[in-house]
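We begin with a single chain expressed as structure tokens, specifically the form predicted on its own.
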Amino acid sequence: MSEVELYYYKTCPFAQRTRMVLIEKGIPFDATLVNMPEDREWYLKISPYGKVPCIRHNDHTIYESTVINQYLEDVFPEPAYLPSDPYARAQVRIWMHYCDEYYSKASFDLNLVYTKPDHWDEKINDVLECLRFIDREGLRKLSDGPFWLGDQPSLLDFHYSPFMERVPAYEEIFGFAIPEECDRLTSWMAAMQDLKSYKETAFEKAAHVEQLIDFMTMLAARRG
């Protein structure tokens, strides 16, 4: 039995973040697939939020992907995926916050307007503005690449990767493209595809399109 046990859902982007960190750090782990709502009763005994991912390590349970990944960095410091400089670490946390509080929410809002085409332009523009901001204020200012902080990936790269992996699916569904001026973002997305953790956790665009349409249809049905 491995030292770390991961509870995850296969296509969850938050769980994918943690899977990527475990793989890149070379941490042996056992993975338990959680399907909701079927597994809700037993899983709530492990993770009070009922969300994935969640890990068990040294008889401790940790949940929330951002917290988990920083915990793994503390407990398994090599190879290091956070800079040692306090200011650089602060930048990592600032941009993690931007992903969770701005970009992921803007992209999720597209799900809510799938059956309301008159709202598409506004919500698509919100996503495009986030992509421009990430390219202009984040990737370009933090380093010359290929990754967020330079030559080597960091927790920041793993934080964004699962969400950016889904951009081509949104492009196909909603008919928009990453702005041409976001070439730093585009080159970063290409660099991520060479990582072992990306190759082992990523899904093809067609799978994302199918999943997103199913999810959007479900949300629309719930909202009446």
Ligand SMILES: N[C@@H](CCC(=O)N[C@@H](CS)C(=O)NCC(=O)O)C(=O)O
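All residue numbers refer to positions in the sequence shown, first residue = 1. Since this is a predicted model, take the numbers as computed values, not measurements.
Only in words, not in the display: the form predicted in complex with the ligand, which the text now covers.
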Go through 175-183, 194-202, 24-32, 58-66 and give me the stretch that gets within 4.5 Å of the ligand in the predicted bound form, heavy atoms only.
-> 58-66
Wondering, does Pro53 line up within 4.5 Å of the ligand in the predicted bound form on heavy atoms?
-> yes
Any of the heavy atoms of Ala190 lying within 4.5 Å of the ligand in the predicted bound form?
-> no
Answer with yes or no whether Met216 is in contact with the ligand in the predicted bound form, where contact means some heavy atom within 4.5 Å.
-> no
Is the gap between Cys12 and the ligand in the predicted bound form 4.5 Å or less for some heavy atom pair?
-> yes
Can you work out whether the ligand is within 4.5 angstroms of a heavy atom in all three of Leu128, Arg132 and His208 in the predicted bound form?
-> no
